[in-house]
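In the form predicted alone, a lone chain appears below as structure tokens.
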């Protein structure tokens, strides 16, 4: 039996980041990953592949807007999905190789196989057993199915299937208006598909509890020609007739159907057998240090509650690392930022007005339009806004940015939110002119 300081089950965002941090802290680390490629969903089937496609859409937007900048171009845009797909695969492979090199250089051992708990200190994989003082479960999540429309990989697809398509469907129906459904709907609409989004609830991005983000994203979707259907329930997918049938009786022509109704945690049966507790939705219950009910076993990323984001998993990894080395502090997901990568993107961090009202907080709202910013005008990107929520004592509680480079702009404010700084920290900072970032100062 081989002994390590740390065994990590899962080589995705939470797993490999935990491994890097703990190895750098002098720990002997083993990662057990069931897939042949390291990096998990984000690198292989999620964040990175979709952003490779978003880069294509951004380029299409630049070409279409060239005339507004005084460039007379005769052009025909013909997306070649084989080439787009090949570029996406090259990008993923390059990053996979880089990550593997980094882990190997840090002395981190990696084994491919399915890990099974023998007890709280021992893991079995490929008929071999390994022991560690601490074990981290970071096994990730999978796309959910729905009873009425079950994935077959051909007509009815999940997000992984969509990112392997080598042709553009003429009519695409997307069931679910969460982040995954919206981003893939936006991508394929701009590549030429006629897209319909079908959402059971009454808004896009319903789980975010952020009406500002939801309404902004819905506007972007509609400007892209996407048909957004809210408060609608799917009862059947007709493969022969190539259509979706709704409870209302409406029928939607569909060459492909994407089911994007959320994800669920991957839990091996041995996790339950050794007594690790889970909530009613199947997520592993952890405390404020990401420890499970078994003291030496931790959990990170999508197998725990909280936003299913790669950077949330990175944060979990930091919490776990610090707890293991004796420098721990409690986690707080309140200010975890996120972005919806449409063109332009919409980004948010901190509290929303809805949450402030729920908590009885006194606050003020400051708003600023991209239309009043010189650099936005120069870009021809005047559609957008910044909205900041400020406490009565001038502390920054939250911010939403909708517009060009919002995912970059928001990082100016993140350290101030995390460190409970007041708006004077921005007001007293000289900003470069002309930039999009100076909107943050101009609005105060």
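Values in this document were obtained by computation on a predicted structure and should not be read as measured data. Residue numbers count along the first chain shown, from 1.
Although it is not shown, the form predicted together with a small molecule is what the next lines describe.
Contact with the small molecule in the predicted complex, judged as any non-hydrogen atom within 4.5 angstroms, is confined among 305-313, 358-366, 150-158, 268-276 to 305-313.
Contact check for residue 129: no non-hydrogen atom falls within 4.5 Å of the small molecule in the predicted complex.
In the predicted complex, none of the heavy atoms of residue 169 sits within 4.5 Å of a heavy atom of the small molecule. Although the partner is absent from this view, residue 263 contacts the small molecule in the predicted complex, with a non-hydrogen atom inside 4.5 angstroms. Although the partner is absent from this view, residue 343 stays clear of the small molecule in the predicted complex, with no non-hydrogen atom inside 4.5 angstroms. Of the residues 322, 122, 102, 207, just one reaches the small molecule in the predicted complex with a heavy atom at 4.5 Å or closer; this is 207. Listed residues 118, 114, 201, 106 were compared with the small molecule in the predicted complex; 201 is the one with a heavy atom within 4.5 Å.
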